[in-house]
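Presented as structure tokens, the chain that follows is alone, the form predicted alone.
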């Protein structure tokens, strides 16, 4: 029973959250709020998918939220300079993978700690974004904001974007040699290197993917908000880490998946904040709820790791007993 609960904890937690808020407010499970939840959770899903790749390699990206802000500030600055919206979005999105490559080079080739590199980048990128925006909010033209309200086959465009990103990353993770290499690097870098895996190249590509996801998440959220504020993207990296771990990724590397793991984790986090908003909860409660979500994520990760260790010991004892 315990093994079942641990193995299926992401889905069970999401169901519990949905049931809890449905009981708390009849407006939570209405069709309109369901659409709002999927739309609001689009950027969180994209960010969590990119974070899952980093966690699989036993790394972490603490700069994701600040990178989102820098991309949004650069896009807003170009839009205010009358750059065509599509061109501004593409140019701003390029910042994401470029920053990711820089992180990957420092981590893979300079041997720097992922925690230290991305923590320093958290402050550096946020500072660059504040310099771009002059710490003032920037209202975006309607031609750009309209993308967030567009629908294709009745489904909001942000949901389509998140779906495409998840599909591509899922395919890379499950159907390519690169995906298998990332798991090997996270499980045991030395063994992966002996097996012929180019560990440094794999790490650099992983952080480039994370940066690209942060950029796409920034633009997706920006089309819904219609403005860039100085707090845009703040603390989003912690939500992404919590979502990835809630979805089954391990902080110790070697485990995690984009689908269904990261998607379930992201929708759990999004459901919590959406439910609090529907219930008109006190805004001061939000940080406490965020802390509880992060704590649950760490708890589940610890339980899953303990279960894996116990399973490995049991298997070893059975093999030795058979001999």
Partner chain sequence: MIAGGPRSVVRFAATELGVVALAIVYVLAILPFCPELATRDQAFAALVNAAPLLVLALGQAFALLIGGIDLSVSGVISLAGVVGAMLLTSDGGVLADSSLAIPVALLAMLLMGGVVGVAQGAAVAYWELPAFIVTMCGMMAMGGAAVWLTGGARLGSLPLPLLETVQGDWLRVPVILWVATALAIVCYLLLQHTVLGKHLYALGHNARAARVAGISLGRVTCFAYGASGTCSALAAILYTCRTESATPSFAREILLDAIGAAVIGGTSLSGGRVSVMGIVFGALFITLVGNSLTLLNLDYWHVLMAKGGVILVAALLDAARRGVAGGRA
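Since the model is a prediction, treat every value here as computed from it, not as a measurement. Positions refer to the first chain, counted from 1.
The protein also exists as the form predicted in complex with its partner chain; that form is not presented, and the subsequent description refers to it.
- Though the partner is left out of this view, residue 135 does reach within 4.5 Å of its partner chain in the predicted complex, counting heavy atoms only.
- Looking at residue 282, you'd find a heavy atom of it within 4.5 angstroms of its partner chain in the predicted complex.
- Using a 4.5 Å cutoff between non-hydrogen atoms, residue 110 counts as a contact of its partner chain in the predicted complex.
- At a distance threshold of 4.5 angstroms between non-hydrogen atoms, residue 20 is out of contact with its partner chain in the predicted complex.
- In short, of 42 to 50, 286 to 294, 29 to 37, 257 to 265 it is 286 to 294 that has heavy atoms within 4.5 Å of its partner chain in the predicted complex.
- Taking 157, 106, 78, 140 one by one, only a single residue has any non-hydrogen atom within 4.5 Å of its partner chain in the predicted complex, and it is 106.
- Contacts with its partner chain in the predicted complex, taken as any heavy atom within 4.5 Å, map within 52 to 87 to 60, 62.
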